[in-house]
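The structure tokens that follow cover one protein chain in two forms, given apart as structure 1 and structure 2.
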Structure 1
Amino acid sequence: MVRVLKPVELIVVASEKGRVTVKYPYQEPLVTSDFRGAIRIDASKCIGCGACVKACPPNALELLESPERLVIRYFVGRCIFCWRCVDVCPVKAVVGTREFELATDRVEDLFNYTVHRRAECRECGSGFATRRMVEYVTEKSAVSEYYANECPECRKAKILNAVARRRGGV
């Protein structure tokens, strides 16, 4: 038989147990090591390849492109903290943090931008990819130096011309 405690007895039990309520926000929150919070992109490492943008399920990371700039926009308000971007980044520029105190009254606070400059084509001068990406590729494979400074359009035209010359005119 379960005995039902009388209110007086309950008070005794409760005072023995003491207070369980946490004092947060006036104390440190409980954050375990496998907790995933917001991510941070280290702009000094990022090469602007867009792998994280492709991997992000809710498009919290987006590429904003213009002829001069390439911007990776991170909208924390849409992030689901899956850390797929952390896994896919080839240069380990994305780091996961344990930050979760992200509440704000202005939605603009939730946008972070990483701005890249475009690489300039050796032939036509137009912008393509990013400077950092071209540097990264050249570093990885020296032979790519011969064509890495050209935009895809010029590269295409060059190959077509070369083929045409071989055949003695198109």
Structure 2
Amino acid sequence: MVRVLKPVELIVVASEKGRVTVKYPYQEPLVTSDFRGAIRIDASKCIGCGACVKACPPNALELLESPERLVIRYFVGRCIFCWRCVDVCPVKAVVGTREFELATDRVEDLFNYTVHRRAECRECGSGFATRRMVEYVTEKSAVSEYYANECPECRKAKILNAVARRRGGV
């Protein structure tokens, strides 16, 4: 007897509440303010520090390095929309969106690239950080201005030489 009444109860409740869904895609979807969608990287703000890559649990963000350039690759197909990258970006270049309509029939459409040119070391000429990162560090810390345009190896060698000279070595 209970099984017969259950559908009747549901019909009564549904008629009292009315329609609770929208006719998607013909109507605007219900997206709450807490909803997390895909991220967007503003290439004009990004300095290429890689903090977002280190914070990404599913490795949806990758750092592709070559001697001339550094590329941040975002694969939305792997993203879990946790927005940790948004939280750690020092220049607020990574922003979260409410975008959720991400389906495509081409895998290439799921990749986004942010390309940076490398800064060249003034001592050895090798590429090390991105140019924007060097500018950012120099702007934030005037003390680093002297060493900002040198790669870590050349900086280390200079410091070791300076220490050796103080101790009466070289």
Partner chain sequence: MSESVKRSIWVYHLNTGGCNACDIEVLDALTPWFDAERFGVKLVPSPRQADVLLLTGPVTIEALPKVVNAIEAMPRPRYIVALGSCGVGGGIWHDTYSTIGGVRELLKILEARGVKVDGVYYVPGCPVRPESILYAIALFKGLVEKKVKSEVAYSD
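Each residue is numbered by where it sits in the sequence of structure 1, with counting from 1. None of these values were measured; they are calculated from a predicted model. Heads up, when I say rigid core I mean the largest set of C-alphas that superpose within 1.5 Å between the two forms.
It is structure 2 that shows the chain in the form predicted on its own.
If you overlay the core, the Cα of residue 17 moves by 7.0 Å between structure 1 and structure 2.
Lined up on the core, residue 8 has its CA atom moved by 10.9 Å between structure 1 and structure 2.
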